[in-house]
Structures are given as C-alpha cells and as structure tokens.
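In the form predicted on its own, a lone chain appears below as structure tokens.
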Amino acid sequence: MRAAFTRLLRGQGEILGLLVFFAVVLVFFGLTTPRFLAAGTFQSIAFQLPELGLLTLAMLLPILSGGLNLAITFTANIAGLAMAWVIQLGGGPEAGLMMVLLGTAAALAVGALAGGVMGVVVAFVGAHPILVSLAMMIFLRGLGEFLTRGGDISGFPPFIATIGHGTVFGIPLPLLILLVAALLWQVLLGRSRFGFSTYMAGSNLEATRYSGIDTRRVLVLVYVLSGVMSAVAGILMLTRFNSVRVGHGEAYLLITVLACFLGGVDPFGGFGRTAAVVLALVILQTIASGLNLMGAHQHLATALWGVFLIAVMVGRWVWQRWSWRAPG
C-alpha cells in the first residue's frame, strides 16, 4: 500500500510542483507589480498564449519520439505566406470565405510537406533530427526571405481578424483553438496506437522496431503532424498580426523547448504529458507578462529564458536523484 501511494505521489508530482510554482509566480509578481493582478493582464495572457502554445505542441511530438524540430517557427511563417498568397490571388481585402478556406488548406499542406520531408530524411536516411530540422529551418528562412524580399504581406479580409482577436462567451477564440489542439494531442498520445508507438520509439527505437512496429512510418507521421501544428500556429499569427513576415515568432523557439522540459518531458524522448506542458506554458507566459510589466528589457528577458532553462535542467536532476533515493 505504501509503495503504491508513493508511486501515485510521484506520478502526480510534476503537476503538483507546477501548480505550486505557478502560485509562487502569481504571488511574486502580485507583490512587486501592482498592475499584474488586473483583469487586463490575464486577458492579454489569454490572447498571447495560443500561438506559443501551438508551436510548443508542434515541438512536443518530435521530442517525445527522441528527436527535435528546430524548424517550427519558420514552418509557421512559410505556411502563413502560402495562405497570404492564396488570399491575395483571390482579391486580398475583397477575398471571400472560399479563398480564405483555400488559403488555410494551402497553409496546412505546406506545413505537412515541410514536416514530411524532415520525417522521411530522419526515418529513412537515419540523419540526426537536429541536423535535419536545422537544415530545414535554414532553407525555409532563406526561401521566405527570397520570396518576400525581406518584407511582409498584408491586406486581408476584415473578418479574418475575428479569429485572432474575437471572443466566444468572453473566452478568446485563439485560446479555444489552443485548447482544442491540446485536447487532440492528449487523445492522440494517450488513446491511440500512434501515441503508444511514439512513446516506444522515444524510449528505444531499435527495440520498438524489433517489436514489430513500423518505426519509419511513426517518425514520418510525427514530423508531418508537427508541421501541420506549426502551420496552424502560422495561420493564427496571420489573423493576429494581419500580416505575414518571415521571422514572426522566431524568439518562441527557445521557449517551446523550455516549456516541454518544464512540463516534465524527457529530453531524450519516451515520456511526457500534454497537460503538464500546457500548464508549463501558462507559467512561462505569466512570467513573460510579469517581466514586461516590470519594465524588463526584451534582451534581458531573453537572457533570463536561457538561465531558466539551465535552472530547470538542474532542478530536474535534483528531483530525479531525490526520487531514486526515496523509499518504495
């Protein structure tokens, strides 16, 4: 009974630890920044969180499979460019719903293609995911800069802004999109054969292959879905900024990795839960908003993310050593 209770506490330890940490963050910024606890702050967090959250979900799958996708932000940008071009061809501000839907389909297809190319190279060539995704990131960035000449594309139908700035029963529509995407990931990873295979591949790829699972198919699908989720983030960024430019969200890359690790995802793959990652996202966005209200310089905030990432890794190492020594 005691051993079972200890295992239960350890299983819930990450969520509990994140909730305690979240409470500490709220108290700290509440005491140091009077405006922090205002309703407007949390409304701002609710609108800013979704695009970062979608990119983090795009990063989550590759990490669980034992890989990484460094190209998520530029996949989002190039997918947004594809959607923008279709809308421009359909009349720009005068484009109708059909052209917007076609643009959305084009964006999702571009994201799937970018992810699929990475997945094929990782699965069939055996190249390291870091190198493959880095090469894709460089390619997409260069392609986007070439096609746009370093500028941006704007001029979309007014109703598109509703997606990025609208609310449903007082809840920001982008936040609802993130919640649906997170629920989909939760079901996919926890209730499907694909999710089980992804965890298995991340734990031990060779053993998974010998067990009869088509690991190549799994890895390709992992990166395709990562690309599609990146494209969804790109579509949302288009609706929020009412423009598309290569480089939008580039600073999010480090934070997506940080959110995964803070949420308890094993950096070597094989373990991690969507709910914990989403909670970690909320904490990180809250910290970002608190630092902004305190007047912290943007570059200083970026430096703090790097320090925070190191602190998370050290903290997890200490926690694991304590867990191994704990009785039961």
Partner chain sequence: MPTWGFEAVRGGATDAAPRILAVEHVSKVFGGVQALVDVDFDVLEGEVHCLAGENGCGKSTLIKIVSGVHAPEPGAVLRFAGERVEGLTPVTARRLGIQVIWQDLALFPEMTVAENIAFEANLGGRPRWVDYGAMRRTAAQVLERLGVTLPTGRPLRELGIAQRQVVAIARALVAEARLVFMDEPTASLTQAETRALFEVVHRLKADGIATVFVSHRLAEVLEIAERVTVLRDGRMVGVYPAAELTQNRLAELMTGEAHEAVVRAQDRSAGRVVLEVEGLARAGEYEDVSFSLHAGEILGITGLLGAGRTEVAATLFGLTSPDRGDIRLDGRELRLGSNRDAIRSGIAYVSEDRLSLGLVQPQSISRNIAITVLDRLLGLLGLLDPEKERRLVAGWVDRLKIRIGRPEDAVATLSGGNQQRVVLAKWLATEPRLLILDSPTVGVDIGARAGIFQIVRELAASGLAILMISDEIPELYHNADRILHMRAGRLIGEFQPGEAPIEAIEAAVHA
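This is a predicted model, so every value here is computed, not measured. Positions refer to the first chain, counted from 1.
Absent from the display: the form predicted together with the partner chain. The rest refers to it.
Figure note: of the listed segments 96-104, 186-194, 229-237, 153-161, the one touching the partner chain in the model of the complex, with heavy atoms no more than 4.5 Å away, is 186-194. The contact with the partner chain in the model of the complex, taken as any heavy atom within 4.5 Å, belongs to 204 out of 204, 243, 167, 88. This chain is drawn without the partner chain; in the model of the complex, the residue among 173, 113, 213, 179 with a heavy atom within 4.5 Å of it is 213. The closest heavy atom approach of residue 47 to the partner chain in the model of the complex falls outside 4.5 Å. At a distance threshold of 4.5 angstroms between non-hydrogen atoms, residue 200 is in contact with the partner chain in the model of the complex.
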